[in-house]
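What follows is one chain in structure tokens, specifically the form predicted alone.
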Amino acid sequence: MSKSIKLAILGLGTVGTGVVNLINDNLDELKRRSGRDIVITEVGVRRQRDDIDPNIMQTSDLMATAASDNVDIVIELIGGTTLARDVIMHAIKNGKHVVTANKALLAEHGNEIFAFAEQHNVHVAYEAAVAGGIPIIKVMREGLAANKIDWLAGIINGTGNFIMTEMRDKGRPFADVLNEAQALGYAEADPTFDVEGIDAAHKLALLASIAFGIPLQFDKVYCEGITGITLQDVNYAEELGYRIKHLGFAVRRAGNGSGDDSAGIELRVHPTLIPQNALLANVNGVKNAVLVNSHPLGQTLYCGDGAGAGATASAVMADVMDLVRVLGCKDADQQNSNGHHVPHLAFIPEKLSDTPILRAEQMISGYYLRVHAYDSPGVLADITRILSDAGINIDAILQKPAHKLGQVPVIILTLPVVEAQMNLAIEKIEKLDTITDKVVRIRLDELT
């Protein structure tokens, strides 16, 4: 057996503890697969713990650990975008490979971090940053390396998926389910990142860069949460043959010709109606799933646990195993190098594209519209005329009986349309004297 590979785990929360347990439980398998002994030499903790192997050094000086001669690979699990960034950059500067589950850090500072790693001939691995235990980063960087990816759609936040599943299956209101998600530990005390789509947007930025070979551009992801979704809309969607899921989309748009400003990439996170029989529509609870449409392969779906100690530790250790093999170069009297490793964002850094990210009003999708109007003659005709004048084609209409206030809900599904056209149409509809409230809109995608 070649010399041991030494790990430092910075942060011993749920995931860090899961990594320790995985190594202890599966050490023989790890040795057989890598040809190396893998040992934890240091852990970064806030305070000393008596449940840690006494042979492992415990320290609160994370910067010292990141530079330690007794560490080959630094596993960053502390979270956040300040201290974590400083620690990772210090580890890279000192020639350490890094494994991280920190999607926020990479989405916001990944371009800088990856460039710095390239300069210092080390690698930053981040399988655990997206979709937990699903190996979607490896799939897209390696398994689909010969394919051109046209679009991807993903359930990439388990909390949001749990909430939407409970609302649909049990008829429970959003606030009630959110409270349960917090009690179960699926949602934080402040659930903003989950329910407003920010967590999913971080992950989508990473997936899009790998899919299309573009720099990370989290600030250009359109982001819409699920706090406005009502049981009324969930039920109407079901009646029309759809389910509402909170999805992240990355879509390559070819445009209509030379100089056309509709060519570019859509990056968007929002609630979406998708067909009930779609595989993605049947991924429930806290599960994650990513649907990738590529050429020539076609559609492939990757599904599994998107969070939790075991799932995330599995992804962390998959990265560690890759890096253990990279470190094998040393035994062959070569320099510590990431030269035979896949690039951080799947494409050679100097070949990353400057393809523009489309603005929200340039994006294309179908729509679900819920319009509340007085129950009077000609209302539906006025609405359909406005949509037609805006070049919007109607796919289905569902008109429900008037309720006691004399108002009737009208539900309309449209074919795909540029968002700017829909914005103008909704503005005109809301100005009608017969309309009693704001138009509710939810995007719709057939996933074809």
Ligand SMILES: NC(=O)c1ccc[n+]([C@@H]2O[C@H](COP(=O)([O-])OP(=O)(O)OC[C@H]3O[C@@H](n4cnc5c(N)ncnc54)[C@H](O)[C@@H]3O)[C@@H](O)[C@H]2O)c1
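Just so you know, these numbers come straight off a predicted model, no measurement behind them. Note that residue numbering follows the sequence shown and begins at 1.
Although not depicted, the form predicted together with this ligand is the subject of the following passage.
Novice: Sort through Ile113, Ala307, Leu280, Ile226 and report the residue having a heavy atom within 4.5 Å of this ligand in the model of the complex.
Specialist: Contact with this ligand in the model of the complex is made by Ala307 alone.
Novice: Would you mind picking the one in Leu323, Ala128, Val290, Ala211 that has a heavy atom within 4.5 Å of this ligand in the model of the complex?
Specialist: Filtering the options by heavy-atom distance leaves Ala128.
Novice: Pick from 419 to 427, 390 to 398, 41 to 49, 66 to 74: which stretch has non-hydrogen atoms within 4.5 Å of this ligand in the model of the complex?
Specialist: Only one stretch qualifies here: 41 to 49.
Novice: For this ligand, considered in the model of the complex: do all three of Leu83, Lys103 and Tyr186 come within 4.5 Å of it, counting heavy atoms only?
Specialist: Every listed residue reaches this ligand in the model of the complex, so yes.
Novice: Even though this ligand is not shown here, does Leu62 get within 4.5 Å of it in the model of the complex, heavy atoms only?
Specialist: Result yes; Leu62 sits at the interface with this ligand in the model of the complex.
Novice: Looking at the partner-bound form in the model of the complex, is Ile78 within 4.5 Å of this ligand by any heavy atom?
Specialist: Although this ligand is absent here, Ile78 would touch it in the model of the complex, with heavy atoms inside 4.5 Å.
Novice: Taking 4.5 angstroms as the cut-off for heavy atoms, does Leu12 touch this ligand in the model of the complex?
Specialist: Judged by the heavy-atom cut-off of 4.5 Å, Leu12 is in contact with this ligand in the model of the complex.
Novice: Do Thr312 and this ligand share at least one heavy atom pair within 4.5 Å in the model of the complex?
Specialist: Thr312 belongs to the contact set for this ligand.
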